[in-house]
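First, one chain by itself: the form predicted alone, in structure tokens.
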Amino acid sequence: MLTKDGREFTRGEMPEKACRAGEFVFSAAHLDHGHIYGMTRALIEAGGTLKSVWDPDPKKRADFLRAFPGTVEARCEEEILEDRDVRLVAGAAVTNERCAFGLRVMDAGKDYFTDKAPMTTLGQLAAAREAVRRTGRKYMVYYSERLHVECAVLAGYMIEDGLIGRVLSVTGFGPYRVGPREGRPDWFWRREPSGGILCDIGSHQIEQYLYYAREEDAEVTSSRVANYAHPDAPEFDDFGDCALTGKGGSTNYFRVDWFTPDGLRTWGDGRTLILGTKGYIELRKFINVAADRPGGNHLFLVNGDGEQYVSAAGTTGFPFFRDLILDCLERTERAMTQEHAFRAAELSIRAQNTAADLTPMAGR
């Protein structure tokens, strides 16, 4: 059990490696988003063995090989898909191309691990569901704002142990820094390839809500997008918000945007507020603004026992990746159920598809 002493808010040892070297071989392909580096490192740290990489862009391949020396540079995508040693393929393709690549991976008899958002249309979702049924392979998603942030992992443990009772409401804030126009690829600024802000970074928020509130499904009750400050990119959403009501009666509201100011020391002040019947948790994931506590992974807990601050860095590790490897080896669902991964994606797409556009008339 967790104790009330903040220094002891941990489940004990960090997650052990899932397997010995060489027992779980994976490859990486389609390196269009930088998240592929975090995905790859986490799988290696969990016991996976990286064998090969491929991308049509030689520069992307070269950058990846510098980060992961000793990796084989595949000659084409097919070389990876036909490699019998490879059990899983990790990818971070352009968002609207992720599903098609995943279908090819699963048809080749391998599990698929993709960056979020895992797809951009309900048609792609239907195709992915059918492929999972047909092939028996996994279509797992890197919802990094919960899976790769220790305070978010720790919050899940606290909820599981009943420290705030039944979760009633989750409120999330996901601000990002957009950076200079030339620093982003062309597809980032266009609706069809990127999926839009609620489909893309909104998927983090919806996944967290479903997980923390233990909801299997929800209804999108309101969603809005806008392009307030980027008239030179008329298809770009720089703001979005959404409200959902869970099947079990809980609620969710989140806001995502690309307005992180240059004065902030990090790329975004991501926060999550989780209200329960017996208390609440606040996560300040990446920074504690204008405070002495450095870095991220700040967790605040208030319940009947009082007020607690926990520096979550170093308390939990990232068990999702170990569990994902075990799931692939043993055909289980420790890390995340397939239905949960798909439901978060579906609700993100529905939120985007039904969003009211608040862009001023001089914009779009």
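Small disclaimer: the values here were computed from a predicted structure and weren't measured. Numbering starts at 1 and follows the sequence shown.
Beyond what is shown, the protein has a form predicted in complex with another copy of the chain; the following relates to that form.
- At the 4.5 Å threshold, heavy atoms of G179 stay clear of another copy of the chain in the predicted complex, well away from it.
- Though the partner is left out of this view, V141 does not reach within 4.5 Å of another copy of the chain in the predicted complex, counting heavy atoms only.
- Not displayed here, another copy of the chain is approached by A243 to within 4.5 Å at the level of heavy atoms in the predicted complex.
- V302 belongs to the set of residues with a heavy atom inside 4.5 Å of another copy of the chain in the predicted complex.
- Residues within 4.5 angstroms of another copy of the chain in the predicted complex, judged by any non-hydrogen atom, belong to 162-170 and to none of the other stretches in 162-170, 145-153, 101-109, 193-201.
- Contact with another copy of the chain in the predicted complex, defined as a heavy atom within 4.5 Å, holds for exactly one of T121, T221, T71, T135, namely T221.
- By the 4.5 Å heavy atom rule, the three marked residues T277, E307 and L358 all count as contacting another copy of the chain in the predicted complex.
- Residues F239, D241, A243, L244, T245, G246, K247, G248, G249, S250, T251, N252 are the ones in 236-252 with at least one heavy atom within 4.5 Å of another copy of the chain in the predicted complex, listed in sequence order.
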